[in-house]
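Quick heads-up: it's one chain on its own, the form predicted on its own, in structure tokens.
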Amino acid sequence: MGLVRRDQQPAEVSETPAVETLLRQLGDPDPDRRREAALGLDGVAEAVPDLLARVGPETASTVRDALLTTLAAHDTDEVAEALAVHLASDEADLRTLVAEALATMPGSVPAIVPRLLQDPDHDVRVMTAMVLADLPHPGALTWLADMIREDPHPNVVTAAIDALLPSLGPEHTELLRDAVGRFPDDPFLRFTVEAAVG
């Protein structure tokens, strides 16, 4: 048993800011303080609406990343639906960060995938392929194959092929060659398939 000196002072314990303090801090002019608040609200369900409201207006990539990390950990239908809206954003950085966050939400994202696959904006469907590329769900490969087989836009089909590449097997060869047949005038899609299957 070790000895403790009688004059030893107890270690200083840093206090965690109150939730109300962190919520106010989300609007701080200093991005470091906003990022600190976003991470500090991890696991606080009552903060979800405020965190979701900050994703669009936030301009600092590091703060957005922190917001999305905290939100993705909730993995709820509310969060998935609200984040998916940003897949149609004009900001490439925001679209990409949101796609990466959604890909870490296997509990809630599968419910919105069928709707995303039917979105009239083909750029949203391209981003959906990015989500499916990393989504740990048994249906992800089937959805990607469906996109390759059925989507009417060559950019979406190419994105789905790219997403499928790490899991590509001999059983996909006909699927990919059929995709080239559907878009014979698209050289990039043809190149992607030829590079994949030879």
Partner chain sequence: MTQNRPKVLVVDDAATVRLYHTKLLGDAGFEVAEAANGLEAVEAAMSTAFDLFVVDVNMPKMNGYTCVETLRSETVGTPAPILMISTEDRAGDADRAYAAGANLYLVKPVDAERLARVARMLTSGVAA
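Numbering follows the first chain given and starts at 1. From a predicted model like this one, the values you see are computed outputs, not experimental measurements.
Form predicted together with the partner chain: not shown, discussed below.
Judged against the partner chain in the predicted complex with a 4.5 angstroms heavy atom cut-off, the residues 55, 106 and 112 are out of contact without exception.
The partner chain is not shown here, and in the predicted complex it never comes within 4.5 Å of any heavy atom of residue 74. At the 4.5 Å threshold, heavy atoms of residue 184 stay clear of the partner chain in the predicted complex, well away from it. Put simply, residue 162 is close to the partner chain in the predicted complex: some heavy atom of it is within 4.5 Å. In the predicted complex, the partner chain lies farther than 4.5 Å from every heavy atom of residue 81.
In this stretch, 43-64, not one residue has a heavy atom within 4.5 Å of the partner chain in the predicted complex; the partner itself is omitted from this view.
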